[in-house]
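Quick heads-up: it's one chain on its own, the form predicted alone, in structure tokens.
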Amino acid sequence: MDLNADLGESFGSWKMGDDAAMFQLVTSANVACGFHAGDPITMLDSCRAAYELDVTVGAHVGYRDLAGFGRRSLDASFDELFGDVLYQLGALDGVAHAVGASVDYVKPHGALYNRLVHDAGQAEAVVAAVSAYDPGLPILGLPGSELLKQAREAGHPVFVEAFADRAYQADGTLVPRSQEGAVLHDVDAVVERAVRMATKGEVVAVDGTVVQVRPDSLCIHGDTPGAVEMAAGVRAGLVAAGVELESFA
């Protein structure tokens, strides 16, 4: 099982999360590419840390929305989204290569990630951009999403993600962050969910429905309070349950 986190999200003098500690705990890092968060120095530091700690780097592409942290859905045209994703991939991959690392998968961020569950047009633009850059690049996303459907049809390796620290709806989508209880903060509860996801491939939704997720990768958000403690607990819980941790990519 892969354990991933959204990292490299600081910008200038504004710091987000404890990346130094999180890089010690994950097997894959979704690194911001400068559009929803991150900047060239942060990308450089992130790629160096990943290379030194043998953590796989993924391009965490998002809407061009620094002010909203990429959590506002945008009605971008095909060409806008195609160009934006291509730009982000090239930027992070260039930085990664300069320090001996590489971008080994793509995971959309925030509002774009959620929109690509159902929006076929935006999914088409994202998949087309990734294909134009590297037709063999793996794509990580939510099971049953339009993104993974189109990526699979385009010949990309696809991998399924589940969120140990997010609440789920009965249809397998995430509870919107605008709703209370969307993000989980109880470490023991998150660890229990992560182990259940990894060993049984399921999660209990907010209405009590048992949802099949069967993930290849589990995400812990690096920007939530107590993220390091939570990631350490999840990692320890998975190891104790006999789950081998390794990057899917």
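Not measured: the values here are computed from a predicted model. Note that residue numbering follows the sequence shown and begins at 1.
The same protein also exists as the form predicted together with a further copy of the same chain; that form is not shown, yet it is the one meant from here on.
Quick check for you: of 157 to 165, 83 to 91, 171 to 179, 138 to 146, which stretch puts a non-hydrogen atom within 4.5 Å of a further copy of the same chain in the predicted complex?
Within 4.5 Å of the partner lies stretch 83 to 91.
Are all three residues 66, 69 and 79 in contact with a further copy of the same chain in the predicted complex, where contact means a non-hydrogen atom within 4.5 Å?
Yes, all three are in contact.
Residue 33: heavy atom within 4.5 Å of a further copy of the same chain in the predicted complex?
Although a further copy of the same chain is absent here, residue 33 would touch it in the predicted complex, with heavy atoms inside 4.5 Å.
Taking a further copy of the same chain as it sits in the predicted complex, is residue 37 in contact with it (heavy atom to heavy atom, 4.5 Å or less)?
Within the cut-off, so yes.
Would residue 102 show up as a contact with a further copy of the same chain in the predicted complex if we use heavy atoms at 4.5 Å?
Although a further copy of the same chain is absent here, residue 102 would stay clear of it in the predicted complex, with no heavy atoms inside 4.5 Å.
Would residue 120 sit within 4.5 Å of a further copy of the same chain in the predicted complex, counting heavy atoms only?
The answer is no: residue 120 has no heavy atom within 4.5 Å of a further copy of the same chain.
Considering only 8 to 28, what residues come within 4.5 Å of a further copy of the same chain in the predicted complex, judged by heavy atoms?
Counting only heavy atoms within 4.5 Å of a further copy of the same chain in the predicted complex, the contacting residues of 8 to 28 are 9, 10, 11, 12, 13, 14, 15, 16.
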